[in-house]
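Heads up, the chain shows up twice below as structure tokens, two forms, tagged structure 1 and structure 2.
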Structure 1
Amino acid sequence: MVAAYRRIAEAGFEGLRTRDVAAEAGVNIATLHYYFPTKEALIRGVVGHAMARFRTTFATGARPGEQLAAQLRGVRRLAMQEPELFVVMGELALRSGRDPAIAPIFKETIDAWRSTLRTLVHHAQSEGFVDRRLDPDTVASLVIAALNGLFMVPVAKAGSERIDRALAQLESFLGLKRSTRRS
């Protein structure tokens, strides 16, 4: 249910109340329980929705040599358009550390993401955009960590231009960008 998804983005897991979800969905509490017998089932629904939404980021459309850079820009654009998605993802990431039910699902999504990035890095290497001596899997892990840190942890929100600069710096490290500005 999209309503629960929105509620989590607003109030987090600690503030997730079935009453509020039902209210936001415009239905009775009993109706909500008709579709989602338990709160746990509702959360599972949210997980599925969030993961599906997040996987759309992986879809690459640009030319092979620019796919990697396009991926970074795609995540950044998604973070601007749907900040709730990253809030929910962060919430789920934290919860996956103690909830064995969603841990495998979350891990699977991240693994798929890393796999995609690994391929993109490999392609970029083949075409001379990225240093061939780098290990694609390691670079993918580092990129994921940086993006997670930038967008899932709302601390960095203290200035989107800082996020832009950090992203540009990451691209520069990867060799996708020549300009390394200063001060």
Structure 2
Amino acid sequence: MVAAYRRIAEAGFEGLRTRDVAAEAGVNIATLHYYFPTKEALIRGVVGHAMARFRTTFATGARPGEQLAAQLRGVRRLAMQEPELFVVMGELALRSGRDPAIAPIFKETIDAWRSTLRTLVHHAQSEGFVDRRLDPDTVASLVIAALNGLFMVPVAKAGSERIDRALAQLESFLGLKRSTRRS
């Protein structure tokens, strides 16, 4: 799946050929099809790999507001260190709108992310990190919309400072910079 992830990052979905993926992975096409019998299964593997990268942004054991702030800091780090992750997520977002096989895979991912963010925002509100007047579901949707928008323009071409500015504004909107500086 890492080979497929790299192919999408380099050439988009149009460049995703199972023969190329097998060759890059150092396996024959039959072996690739044994583990990933369909292109959709391969895409699920790519999404799983991408989500594993995003899960590195969570700070386990931290208070909710700190977890939310840590996730945004982690996204900044990923934008600087792994711009291909944003290319892959942008490709998934764009393709999901016109490919009925990829749409449910991307929707599952976004739904899980929204649920996690909604929970983080709700708990951060209960501890005074985030304004209680904000609707957690709407905030989660806004964060996802902002990050999805950032995925659409490849980080490598726009520079990580664009991501940094957008996330700083998001943190300011949520009140996270003031609340988590003490940590």
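We call the rigid core whatever largest set of C-alpha positions still superposes within 1.5 Å between the two forms. Every residue number counts along structure 1's sequence, beginning with 1. Given the structure is predicted, the values throughout are model-derived calculations rather than measurements.
Can you tell which of the two structures I gave is the form predicted alone?
Answer is structure 2, the other one does not fit.
Quick check: Asp135 between structure 1 and structure 2 - does its CA shift reach 2 Å or more after fitting the rigid core?
No; that C-alpha moves by less than 2 Å between structure 1 and structure 2.
Core-superposed C-alpha of Ser126 shifting 2 Å or more between structure 1 and structure 2
Comparing the forms between structure 1 and structure 2, which are aligned on their rigid core, Ser126 does not shift its C-alpha by 2 Å or more.
Has the Cα of Arg114 moved 2 Å or more between structure 1 and structure 2, judged after a core fit?
No, its C-alpha moves less than 2 Å.
Provide the displacement, in Å, of the CA of Thr18 between structure 1 and structure 2, taking the core as the superposition reference.
For Thr18, the C-alpha ends up 5.3 Å from its position in the other form.
Superpose the two forms on the rigid core and tell me the Cα shift of Val46 between structure 1 and structure 2 in angstrom.
For Val46, the C-alpha ends up 3.9 Å from its position in the other form.
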